[in-house]
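A single chain comes next, written as C-alpha cells; it is the form predicted on its own.
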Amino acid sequence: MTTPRAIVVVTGTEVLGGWVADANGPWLARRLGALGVQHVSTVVVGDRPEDLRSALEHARDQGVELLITSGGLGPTEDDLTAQIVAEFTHRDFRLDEALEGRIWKIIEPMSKRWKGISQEAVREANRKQAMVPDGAAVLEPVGTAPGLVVPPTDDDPDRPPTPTVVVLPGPPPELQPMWATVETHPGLLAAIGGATSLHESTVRLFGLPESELANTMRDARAAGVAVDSFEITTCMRGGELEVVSRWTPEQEEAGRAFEAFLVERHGDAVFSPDGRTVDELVLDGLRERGWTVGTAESCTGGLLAGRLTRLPGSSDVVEGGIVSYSNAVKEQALGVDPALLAAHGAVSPEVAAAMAAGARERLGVDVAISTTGIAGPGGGTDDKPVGTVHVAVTGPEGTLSRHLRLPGDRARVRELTTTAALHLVRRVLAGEHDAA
C-alpha cells in the first residue's frame, strides 16, 4: 500500500525574512509522521500571491495527497491564502454569512475597547476572514481566523487535479489546537486513507559524539537487529544526542530490539530512554527527594534559572537565583571571599564552588548550581581561552564540579553551559559528588 505524502507551505514575509522563526513546519511534520503520512517538504514563501500560487502548483505537481498551508488568514490586504487556495482548486470564493457572524461575536467585545475606531469598520475589515471556497469545510477559529479543509478537485480533464488542501492560521497558539480537529476530520482521513499510525520513540544521550552512532548502527546490523526496516533519525541538539525511531506495528519487534541495543551499548551516556528531557528529569528528581534548588550565575546571566522555570510546576522546587556577573556582586550577594577571587580569578573551580555554597546558604535551598566562564568573543587568555567554563553543584551530600571547554560563539557557549549544569544536577541527584 502506498504511503500518503504531504507538503507544508508556510506563508509570511516575516518568516521568510528571518524575523520570526518557523515553528509550524517542524510541528506539523511531527504530527504528520505520527499519522503515518510521509512529510515530503516544508516550503516557506512570502506574502506575494504569485509566490504562494507557485508553491501550491509545485506541490500539486509532486503528486502529493495532502497540502497544508499555515498563515495568511488575517484581515489585512496581504492575507490572501484562502483566496489563492480557492483559485488553485478552481472554486468560487464566497462570503459565509453564518461564519461572519460567529467571527464578529469573537471580535465585538475587543472592538469596544478600541477608542476612535468605528465598530462597523472593524467588522467590515474582518469580513474577509469569512470568505470560503465553495465546498470547503470550515474549521472553527481558535482566535479569529477559521481554518479550511478543501476537498480535491479532479472534475475537469483539461486541468490537473489538486490534492486535499488544509488551510490553517499562522500563530502556533491557534494552529496547534485546531490541528486536534483536523486529525479526525473526514476530509483529512479520506486524503490519507491507508496510512498506518507510527509509534515514535526517543532516546536521549549525553557525552557521546554523533559520529559514534555510525558504529552503533553497523554493530546493530551485525548483531541481527533490523535497523534498516524502519526510520531512525539522529540529531545533536544543545549538546545532547537525540535518537528518534518511528515504526509501524509490524516493525515493533525490530524497533524495540534497536532501543535495547542502544541502551546496552552506551550505558551511562543514555540519560533518557523514555524521551524525557534533562529539564524534566531534574525537576522530577528534585520533587522525588523533596529538595529545593537555586542558582548563582555569572556567564549564563540568568539563562539557567530561566530554563529551570520554563516548565509548568517548577515552582514546586525552584526558589530563585542570583545573577552575579561582577566580582562585587559575587562578594556582596554570594559571600565569595575577595581573596579567593584575587588568587584564582572569577573563572575558576574555587570560585564556582564558593558561588554554589553561597547561593545554597543565601537562598536557603537544598541544591545550588553555579556557572562562571568566558563566553566570548573577548576576554580569553592563553590559560583561560574563550569557552572556558566552570560549573559547580552543591547539595546535601557534597559538591560536584566540572571544568568545561565549550565550542562555538557566545550564545552557543551559554546554551551548552546550561545543559552541562543540568546534567551535573542529574548526577548529584544520583548520589555523585567530588571526593573530599
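Because the structure is a prediction, the values reported are computed rather than measured. From 1 onward, residues are counted along the sequence shown.
Absent from the display: the form predicted together with a further copy of the same chain. The rest refers to it.
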Checklist entry - I107, T184 and S272: each with a heavy atom within 4.5 Å of a further copy of the same chain in the predicted complex? => result no
Checklist entry - Is the gap between A420 and a further copy of the same chain in the predicted complex 4.5 Å or less for some heavy atom pair? => result no
Next on the checklist: I'd like to know whether T216 contacts a further copy of the same chain in the predicted complex, with contact meaning heavy atoms within 4.5 angstroms.
Outcome noted: no
Item to check | Contact flag, F206 vs a further copy of the same chain in the predicted complex, heavy atom cut 4.5 Å | outcome: no
Checklist entry - Taking the shortest heavy atom distance, is Q62 within 4.5 Å of a further copy of the same chain in the predicted complex? => result yes
Checklist outcome for this item: Checked G193, P249, P312, G101 for heavy atoms within 4.5 Å of a further copy of the same chain in the predicted complex; positive is P312
Checklist entry - Which one of L303, A257, A125, L189 is close to a further copy of the same chain in the predicted complex, taking close to mean a heavy atom within 4.5 Å? => result L303
Checklist entry - Just one stretch in 384 to 392, 398 to 406, 43 to 51, 66 to 74 has heavy atoms within 4.5 Å of a further copy of the same chain in the predicted complex, so which one is it? => result 43 to 51
Checklist entry - Can you name the residues of 307 to 324 that have a non-hydrogen atom within 4.5 angstroms of a further copy of the same chain in the predicted complex? => result T309, R310, L311, P312, S314, S315, V318, E319, G320, G321, I322, V323, S324
